[in-house]
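The chain below stands alone, shown as structure tokens; this is the form predicted on its own.
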Amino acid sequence: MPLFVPNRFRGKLIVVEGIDGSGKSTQLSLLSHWLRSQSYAVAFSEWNSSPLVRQTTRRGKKKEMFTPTTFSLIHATDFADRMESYILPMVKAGAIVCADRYAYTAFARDVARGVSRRWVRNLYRFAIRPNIAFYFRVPLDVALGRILGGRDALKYYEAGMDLGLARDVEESFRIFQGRIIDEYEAMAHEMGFHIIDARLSIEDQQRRMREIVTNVLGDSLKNEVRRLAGGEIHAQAATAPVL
């Protein structure tokens, strides 16, 4: 059985993946702005943002209630809601959907938490296949430095503290995120990731992304993707606006 459903619509799906602190969100934001500057209709979606389960997820995290399996299921529910109510309608309408994390995040994180690889992939078999999937490769020390440079502490689940890997939160982060990196690296070829060296300058990373988008999407950008007329709304929120 194919892992994902082929995208047979006018719109395109571009996703970014990588561990926390890889800089993927910054790069996707820059790419989105560049695509909009070319007058393309662009929609944006991010991981764990569905209104359907947002409050439940927050409460569960705050009370540290999630097991690896329940964590996996609630993220799959979040993803399914966003796919059905937002991502798929946008792609059908001809927009470019830029997704900050996709099913690959579950494939990496859930398996790193000990959930069955086959079971997790089966949960997401309904998803449409991305046209481009970027993976931002970054050393653990660089990622950790970026995270702690922007806030005071690591988050409980981000550091894998629920798994009892280490008492020290930074050591637990290194072990857990190291496992996630191993999963990303193992599926990089299988999933056809376009690998970006996240140690490069912001400008160099962005230049590489734009080159890949232009080369991979080619004429479909001109002939299939919807362009915005003056005054049309840019789709940015997690709920579908009118394009």
Ligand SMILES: Nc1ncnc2c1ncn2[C@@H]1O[C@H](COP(=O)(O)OP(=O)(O)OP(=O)(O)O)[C@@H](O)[C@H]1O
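Computed from a predicted structure; not experimentally measured. The first residue of the sequence shown is number 1, and the count goes up from there.
The same protein has a further form, the form predicted in complex with the named molecule, not shown here; the description that follows concerns it.
Candidate stretches 36-44, 62-70, 23-31, 209-217, one within 4.5 Å of the named molecule in the predicted complex by heavy atom
Partner-contacting stretch among the options: 23-31.
Under a 4.5 Å heavy atom criterion, is Gln205 part of the interface with the named molecule in the predicted complex?
Judged by the heavy-atom cut-off of 4.5 Å, Gln205 is in contact with the named molecule in the predicted complex.
Though only this chain appears here, would Leu200 touch the named molecule in the predicted complex if you measure heavy atom gaps against 4.5 Å?
Yes, Leu200 lies within 4.5 Å of the named molecule in the predicted complex.
Does Leu13 reach the named molecule in the predicted complex, with heavy atoms at most 4.5 Å apart?
No, no contact at 4.5 Å.
Answer for Arg137 alone: is it within 4.5 Å of the named molecule in the predicted complex, judged on heavy atom distances?
It does not: once the named molecule is placed as it appears in the predicted complex, Arg137 has no heavy atom within 4.5 Å of it.
Given the named molecule in the predicted complex, answer whether the residues Val91, Arg129 and Arg226 all have a heavy atom inside 4.5 Å of it.
Verified in the predicted complex; spot residues all out of contact, no.
Just one of His75, Arg82, Arg113, Arg101 has a heavy atom within 4.5 angstroms of the named molecule in the predicted complex, so which one?
The residue in contact is Arg101.
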